[in-house]
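Quick heads-up: the structure tokens below are two forms of one chain, split into structure 1 and structure 2.
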Structure 1
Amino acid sequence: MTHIVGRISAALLATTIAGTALAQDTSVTIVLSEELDIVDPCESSRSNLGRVLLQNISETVTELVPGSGLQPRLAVSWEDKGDGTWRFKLREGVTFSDGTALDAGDLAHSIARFQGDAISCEIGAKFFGGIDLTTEVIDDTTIDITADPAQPILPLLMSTVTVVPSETAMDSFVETPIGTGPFVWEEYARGEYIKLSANDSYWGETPAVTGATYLFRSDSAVRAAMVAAGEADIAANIALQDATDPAMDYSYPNSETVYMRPDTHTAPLDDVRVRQALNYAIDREAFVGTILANGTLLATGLTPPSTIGYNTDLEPYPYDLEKAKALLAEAAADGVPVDTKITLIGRIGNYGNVLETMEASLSMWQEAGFNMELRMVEVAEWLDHYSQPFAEGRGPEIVNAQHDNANGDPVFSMYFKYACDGLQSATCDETLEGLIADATALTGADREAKWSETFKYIQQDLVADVMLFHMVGFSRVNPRLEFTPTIRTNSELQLSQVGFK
């Protein structure tokens, strides 16, 4: 009897200790779908990097908050001074994780760095392509920023700008990110994990989370199972078939648009009839409710319907296999080499069921008569095909991509994706260049109308790409957390928004 009581007491004690340890565990483990290939804050517009760095390590000048609009972050106010110049007042008493104080010179340096030629930063190319920014430091917390051409939404554009210390090298990427955020970069074991810890000198409210470990698992089912087993707390970007537990799984429109981008510089993809055939050959509706979630929207433009100027009059291309075949035959009769092998390139782990989406698209295109093969590659190799300068002698390619725009305005997407000098543009069209330039300089209803006209031209006249879906995202969250994923979760995951029950 004494022995039994002893065993029960020991079990109760163990349970109590375990419960106490769990109650005191204020660190979180987040399992991501892909490894990071770079950790520089000037690349944090990329979703895989943004989930780790954005607003955790590196803060932006302003912040676009869903439901609340544009809010202060490192800048506390801003004022239009006219002629393209805006004056920003920075927050006082902010320090970087290396102990140096934030001042206006750091912001001027950050802007010069992402606009410079020494390194290619996605923030500069994606959000400020075709825009020249100059800065004038007025005092430690005041800076004038002038955009040429003038940008009526410059404060919104500054919600994408991460600030680094002025000592940061102009000609090389950083390997240890230094920021002003509520967390500091602790350790990176490549291929294994990343660790962040709380920033004891953070200027803002102290988060409930005291540390975070990021793991990488490409298999969606594995990521979901890790949360279910208590081995992880958040699994972002899981596939439809793995989101099976209503108690842990959240679905939400995630502002991501999936599309196929043909290289219009290379035959046969330089012929508009071939690109039209690509569009008619895809049965978009067959994906929804099967390998993609119910609620997934068929896309007619690169940005989600929440952006201004989204053209609601446009219809997705209908599935018409015979029309696709006829267009290919017509192009072939005019000497277009439609039999040339085309490489379809996908990115491993880019979104849930990306492989299934690529294989289904390949099958549909082959049925229409395209000579096509599929290559699935890791993110670093994928970028070699997706971002300029493209490799010489690469042959005709179609790149599958998922583009995020939760910022409310197409300006964050259009130059980057469609201008001749856009970093991730595979087209060059004089009319489209003019439309983008005109829309960027307008305000109000005129701006909205010009963006709407631009969407129509891209889809119906230029047929620049094969628009597919506005996506629904799924994330699995451990029930011990107080955290609800939002439209921004796929591009940033703010640890300060995570609490414990």
Structure 2
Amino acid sequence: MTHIVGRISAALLATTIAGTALAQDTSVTIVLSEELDIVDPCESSRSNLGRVLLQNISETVTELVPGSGLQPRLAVSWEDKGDGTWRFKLREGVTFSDGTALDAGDLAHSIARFQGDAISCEIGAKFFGGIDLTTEVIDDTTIDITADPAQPILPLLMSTVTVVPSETAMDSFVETPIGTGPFVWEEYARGEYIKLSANDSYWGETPAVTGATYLFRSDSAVRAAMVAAGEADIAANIALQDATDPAMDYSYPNSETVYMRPDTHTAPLDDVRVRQALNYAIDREAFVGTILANGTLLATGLTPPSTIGYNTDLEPYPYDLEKAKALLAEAAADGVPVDTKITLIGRIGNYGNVLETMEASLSMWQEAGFNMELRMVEVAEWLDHYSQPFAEGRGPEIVNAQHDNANGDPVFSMYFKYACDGLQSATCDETLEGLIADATALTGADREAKWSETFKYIQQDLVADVMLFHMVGFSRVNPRLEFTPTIRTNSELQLSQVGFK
């Protein structure tokens, strides 16, 4: 009996010591909402992967820093050589975690890899779709990159490009990420945890954090409880109802915009008055502070206010039920089949309280006289409705979606959301095509003005969609840390930005 009591006491002591150790050591525990499936750096634009890899294991060529603009990272400078060619000068003395030195050949290989057909990487598909990149290595630290068509914002686009060693296989995803970042990939116990440790040969400043463990808990209440109980240091994404402690919980614009996308190719949604009626019939302000968090902004465009060219002169459509009904009546009088049943399609679990948001919207539209039904579907079925090619013979559909753009420029959104052959575009408008093409080719103030004009055209003239909200995210941070989540926390979580009090 004494023996058993002794063993229980020892176990209790060990648990207590482990808890105390968490409060004293310089490693951190981060709890994420979903486990990683792929761990290849070329997939770092996926937010769940980006939070682990981006700028921790794998560094980008340039870096977009909120408030400071585009900054050097693996490249120290860049120069426009004309005709779509930019010359990038890479940092000297940088080594990968496998001990090999970073050189221009590694960057050329990384670009070829994400652009190739052997594997399909999100960075290539998402940010460089329709752009052909060719590279010419000038010397170990100098590389010319040519974009066709020419990209005046190529240095900004390079802030999405992670660099891997030239030995990385072209035709398969890597299982153990190798990068140049301040941390190295140490262990992945599938279903349990990922461990990173400090990279002793890192070229930059040594971070205060010496190691990190990532855990996965799908339930938001559990993630919040883990930080509250001192078992975790950061819960990167918790639900509104779990953010109950002002001392630990941070809210911030998370770069996500929620909107409704009517299929403008199908009657009655092909009539601009019907789309205007959809906009007037939604009481946007009623959502904020009720089923969506306080601080949620009403949106007038697809990208958050932090992107260049965001048109601050635009106002959200006011709630005007009578005007909505009048517009519908006017369209009906002209023979538009406004009584046709419209399917409203939402994605299960897309964001906090998505079902409540959809049901409230449905109710408001039905009150305005729309014949509408709601279908909540899982992601794969939702993609069938959201991405081209759309099904033949489909009825009129409005798809609810959430789009994130934390990259500072609308170019990352506009083409594939609004161009005629944009993958997720449900509209085709000649004027808008021209505006997007023009803005994409411009720089500086001209670019900003053209994007502004584009936002105005989309919202007021074309009325392409029903813009709803720029969303707010919540993270819970252990008070022992010196860390403030930002708009970037949704897609990356740089351990080198974490300090201790």
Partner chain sequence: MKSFLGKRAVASAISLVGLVILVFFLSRLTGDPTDLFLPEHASQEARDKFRAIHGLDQPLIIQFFSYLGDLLRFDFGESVRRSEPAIDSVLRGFAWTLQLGAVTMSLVTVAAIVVGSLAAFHVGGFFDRVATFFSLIGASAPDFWIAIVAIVVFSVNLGWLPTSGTGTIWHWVMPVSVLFIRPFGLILQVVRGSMIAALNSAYVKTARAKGVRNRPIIFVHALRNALLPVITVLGDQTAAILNGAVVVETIFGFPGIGKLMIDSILQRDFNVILAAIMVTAFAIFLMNVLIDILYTVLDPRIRY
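For clarity, every value in this text was computed on a predicted model and none was experimentally measured. Along the sequence of structure 1, residues get numbers from 1 upward.
Chemist: Only one is the form predicted alone; which?
Modeler: The form predicted alone is shown as structure 1.
Chemist: Where is the hinge among P268, V472, K417, I234, given that one rigid part rotates against another between structure 1 and structure 2?
Modeler: Checking the domain motion between structure 1 and structure 2, the hinge sits at V472.
Chemist: Smaller rigid part's rotation against the larger between structure 1 and structure 2, whole degrees?
Modeler: Treating the chain as two rigid parts, the smaller one turns 23 degrees between structure 1 and structure 2.
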